[in-house]
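Starting off, we have a lone chain in the form predicted on its own, written out as structure tokens.
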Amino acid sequence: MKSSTLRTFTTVHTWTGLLAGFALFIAFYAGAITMFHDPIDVWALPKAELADAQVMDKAGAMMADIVAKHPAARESIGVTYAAGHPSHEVSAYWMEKDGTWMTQAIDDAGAHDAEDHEHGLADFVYELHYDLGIPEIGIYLMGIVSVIYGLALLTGVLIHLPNLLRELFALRPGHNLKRLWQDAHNVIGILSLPFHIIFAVTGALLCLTLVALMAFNTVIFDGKLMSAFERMTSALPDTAAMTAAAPKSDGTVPMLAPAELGAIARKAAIAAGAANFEPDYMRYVHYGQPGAAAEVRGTSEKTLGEYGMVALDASTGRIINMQLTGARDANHATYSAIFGLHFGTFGSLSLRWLYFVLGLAGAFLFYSGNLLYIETRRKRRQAEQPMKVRAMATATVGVCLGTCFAISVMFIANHLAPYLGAEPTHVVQPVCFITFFAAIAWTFWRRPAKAAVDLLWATAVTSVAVGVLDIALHGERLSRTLAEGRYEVLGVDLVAMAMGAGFGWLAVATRRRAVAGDPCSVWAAKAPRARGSTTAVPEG
């Protein structure tokens, strides 16, 4: 490869990494935590965890009441199942004629705008993963970031391909910190490359599918693609044709309740070979009308596409169609595989741990990329570093370490909120954003070297406190779940404390670097004697 070509690839790799790096750090760190969404959901709601999970029996009456009060829901209305999970809320979702999505839970007095729903802890961490907590445009922003991420991966492979085997296990600790960071960056990038390719491709597809569909629908398919796509991803046939073919009736047709339809779908799916099919969502179309149908979605373990769907006649329970493992068409198999590969749902607990480690390693990859940019451009014998170096160091510390700190504080706020008279779901989002921006402001004020140590210690203390506080406040819940053979609550406590120990170790190492490291660096704790000074510092 010519040196000019290599320089071009290196420049593209550097700038694509910098452009997408901050968003990807947040997505990977939050994504790693999201691998344990359900255990965190149970951990976050100790009171709800005590509630009766068999509330699905009430869903039928709720759906009938909603359709009577909101005629637009008759066209299509969905409901989530408790699925035997103590923290899963049974809620209905439908669209009004003006395009507003509405929702109502079993215990709600009435419907409300789905966009105004309260953010539970686990759900908000998941939102940080796929849209950075930015409403409306965040998901499309992450789609663009995923494309840039793919370009960074491609150029990174082209740069390192000639020396791939030599650099694969090259990790050379010593006084040359830049070389050590470079080795760590390369090793993690090369070893986890297959997974990063999966994340980049599936992330872009998941975030930008709607945009691409709307564009192709208008430009190429003359407005026919959107309806075709719905049939490609649903088990339901053409429901309008079903309604037209059904016997005419002036009255309403009795509908089977969601619990009954879920039981019928589960029995049919298992009989068809799906393992442990557990319904988690269903929707009616043309509720109460002749030809009404229902689609029950459920999950099966140890399959690449864990989600399967069963379509039924909503009034008789007759099976209309099934899209399950081993019995899917190509469209449904591809769509299910995208979800399975991105979220790591196709394996056992060990695979979720692997995805958790890969998520943290990915966050380190983008953090170390920024450190390499800083190390490459700093002045070796000059106390005061260039503005671009100081700015990148400030942004790296503020955004990356600020994210870790904000998420840990959010876990604390979730448990303390009830003791301050607030609902946890009301406070987690504002606490996260306030803490995040406060961390950035702190980094500006303290300078990156000191702020990095401060934020790492703060994250270490709050992370350990997450586990300690839960044990202190909800010890009875912990004892009960352990007696029942359930370990999700203890697992969240222990992982939080282990991560706290890890952040503490990083804080010690960062302080050592700030105190005893190269004084010609933005990571030196001692500030230069005068702003703008170019005082030369002797080597050695």
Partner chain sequence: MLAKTFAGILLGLPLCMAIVGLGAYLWPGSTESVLIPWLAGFFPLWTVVIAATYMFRTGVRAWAWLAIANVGAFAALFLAKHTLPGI
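None of the values given here were measured: they were computed from a predicted structure. Residue numbers count along the first chain shown, from 1.
One more form of this protein should be noted, the form predicted in complex with the partner chain, which is absent from this view; the next part is about it.
Participant: Taking 282, 487 and 494 as a possible spot, do all three reach the partner chain in the predicted complex with a heavy atom inside 4.5 Å?
Facilitator: Judged in the predicted complex, none of 282, 487 and 494 sits within 4.5 Å of the partner chain.
Participant: Just one of 133-141, 399-407, 222-230, 309-317 has residues with a heavy atom within 4.5 Å of the partner chain in the predicted complex, so point it out.
Facilitator: Of the options, only 222-230 has residues within 4.5 Å of the partner.
Participant: Note which of 361, 236, 151, 438 lies within 4.5 Å of the partner chain in the predicted complex, where distance is taken over heavy atoms; exactly one does.
Facilitator: If I apply the 4.5 Å criterion carefully, the residue I get is 151.
Participant: Could you check which residue among 114, 416, 147, 327 gets a heavy atom within 4.5 Å of the partner chain in the predicted complex?
Facilitator: Contact check passes for 147.
Participant: At 4.5 Å between heavy atoms, is residue 215 in contact with the partner chain in the predicted complex?
Facilitator: Looking in the predicted complex, residue contacts with the partner chain include residue 215, since a heavy atom lies within 4.5 Å.
Participant: Using a 4.5 Å heavy atom cut-off, state whether residue 208 contacts the partner chain in the predicted complex.
Facilitator: So residue 208 counts as contacting the partner chain.
Participant: Report yes if any heavy atom of residue 204 sits within 4.5 Å of a heavy atom of the partner chain in the predicted complex; otherwise report no.
Facilitator: Judged by the heavy-atom cut-off of 4.5 Å, residue 204 is in contact with the partner chain in the predicted complex.
Participant: Is the gap between residue 22 and the partner chain in the predicted complex 4.5 Å or less for some heavy atom pair?
Facilitator: No, no contact at 4.5 Å.
Participant: Go through 395-412 residue by residue and record those having a heavy atom within 4.5 Å of the partner chain in the predicted complex; state none if no residue qualifies.
Facilitator: Contacts from 395-412: none.
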